[in-house]
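In structure tokens, one chain follows: the form predicted alone.
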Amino acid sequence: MKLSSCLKGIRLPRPPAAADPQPLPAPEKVYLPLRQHQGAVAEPKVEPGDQVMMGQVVGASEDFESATVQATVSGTVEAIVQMPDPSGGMVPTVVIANDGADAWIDEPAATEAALASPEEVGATRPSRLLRRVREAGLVRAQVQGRPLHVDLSPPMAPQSYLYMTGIPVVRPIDTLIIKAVDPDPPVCPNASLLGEAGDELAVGVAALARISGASRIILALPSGADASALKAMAAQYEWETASVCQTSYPFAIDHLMVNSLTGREVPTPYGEPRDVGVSVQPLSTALDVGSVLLTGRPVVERVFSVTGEVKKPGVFRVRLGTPIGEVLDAAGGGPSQAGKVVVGGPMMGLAIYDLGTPVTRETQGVFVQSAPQVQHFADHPCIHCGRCVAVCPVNLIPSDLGKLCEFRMYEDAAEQDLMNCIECGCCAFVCPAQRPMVHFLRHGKTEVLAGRME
């Protein structure tokens, strides 16, 4: 066992022990956005009035950076409307009225011979496994994540090396990190899956290693949690294990985890873990891959964490397309004084303005605040206390960057490494002047990119 730690960041309260996910019944209607990731919008393959079955394709695209969308209930297509996604943008959405039958479609793609063991996966061509992942429409479980087949496919020219040398270099992946820790506690869906040490996990990890070409597998586990089942599986399949401190934030962001577990530094600002030969995937994604390969069917539900100011916080298995408001009702309802509902977690999540926003493949949970708990930023000037500098995990000077962005000196901020900001929120968390640091920096990065594209 190795101990992973971050030199900077902040200390957060230890999240409560995660309970096993509780199944929720399918809703009367599901709302399936035709884009559930960062990438291209799929084209609708159904029309209002069509009868659909579970697993039937309702949206697809030839664009490589698009994920197939399947029906998660059987029933009737009511409409195709514009609805907000978790990022706040309007996306074409297929609305399906549930008939309660949960009848699966019987297609060749859904009945292809299953891969029942890691040994069978190891003998399968990576291209075939990647095709199965793409057909299933899997998405890396994070807000604004990418389709999984895009994340696993080797890039034509990694941006980090192009910016540094001008020469495209593709470094083979030799290490796969499966992280059972969550980047933004107390939203902890991965921690609730620590007991899922079955065939799905073994097959899923074997497939991810086979596709990526990794020979070394590291299982990152939250310190202090009961992960005996996963440790036993790691010993059986000769995976390495690492203990990651749950109270040190941002301990589970990919770039920082790669550095702490392998000693490799991901090049910034445009680099990815694969640029240093590492692939990082959440535990929930590995389980999704294993489920697809074992059953031949797409994933129709998401492990979804509800925490904060609700009467019954917990983790649920939610049918994709369920309105978030219905999941909150299942958790006992929100506070009497409406505050904020944040998708993804309190530090890096995005606040939503419509509880009709559906649960999608990229969402993992929500954090609910009552009105008195919502912190309001102010237009106070920086007091030069240096607290933001002391906690910045990527060694920036957020106070200077915030002032430059505030006064629209975007290129000057870029020269001081603005683009290296990972938007973790540590600077805003500790700022005694209550300055909206993340808003300043995020807006500044957007303006820099927009100016360079002109």
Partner chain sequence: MNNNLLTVSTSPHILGRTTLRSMYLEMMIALVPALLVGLYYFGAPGLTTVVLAMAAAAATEYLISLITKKPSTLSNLHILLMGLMMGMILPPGAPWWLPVAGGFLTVALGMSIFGGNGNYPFNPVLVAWAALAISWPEAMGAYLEPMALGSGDDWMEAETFLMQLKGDIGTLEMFELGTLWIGNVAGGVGTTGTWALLAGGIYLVIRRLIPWQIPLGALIGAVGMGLLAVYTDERVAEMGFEEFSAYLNIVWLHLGAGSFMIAAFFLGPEPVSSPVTPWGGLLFGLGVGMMTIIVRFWGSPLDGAFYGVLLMNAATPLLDRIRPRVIGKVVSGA
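These numbers were taken from a predicted model, which means no experiment stands behind them. Residue numbers count along the first chain shown, from 1.
Heads up, the form predicted in complex with the partner chain isn't pictured, but that's what we're talking about next.
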Flag this candidate site as yes only if V41, R131 and R452 all have a heavy atom within 4.5 Å of the partner chain in the predicted bound form; otherwise mark no.
no
Assert contact residue (the partner chain, in the predicted bound form, non-hydrogen atom within 4.5 Å, options L261, V310, M348, I173) equals M348
Candidate from E238, D226, E119, E265 lying within 4.5 Å of the partner chain in the predicted bound form - any heavy atom:
E265
91 to 99, 229 to 237, 196 to 204, 373 to 381: which one contacts the partner chain in the predicted bound form at 4.5 Å, heavy atom to heavy atom?
373 to 381
Looking at the partner-bound form in the predicted bound form, is L24 within 4.5 Å of the partner chain by any heavy atom?
no
Does at least one non-hydrogen atom of V46 fall within 4.5 angstroms of the partner chain in the predicted bound form?
no
Please tell me whether any heavy atom belonging to G213 falls inside 4.5 Å of a heavy atom of the partner chain, as the geometry stands in the predicted bound form.
no
Is there a heavy atom of F367 no more than 4.5 Å from a heavy atom of the partner chain in the predicted bound form?
yes
Taking the partner chain as it sits in the predicted bound form, which residues of 373 to 400 have a non-hydrogen atom within 4.5 Å of it? Please list them.
V374, Q375, H376, F377, H380, P381, C382, I383, H384, C385, G386, R387, V389, V391, P393, V394, N395, L396, I397, S399, D400
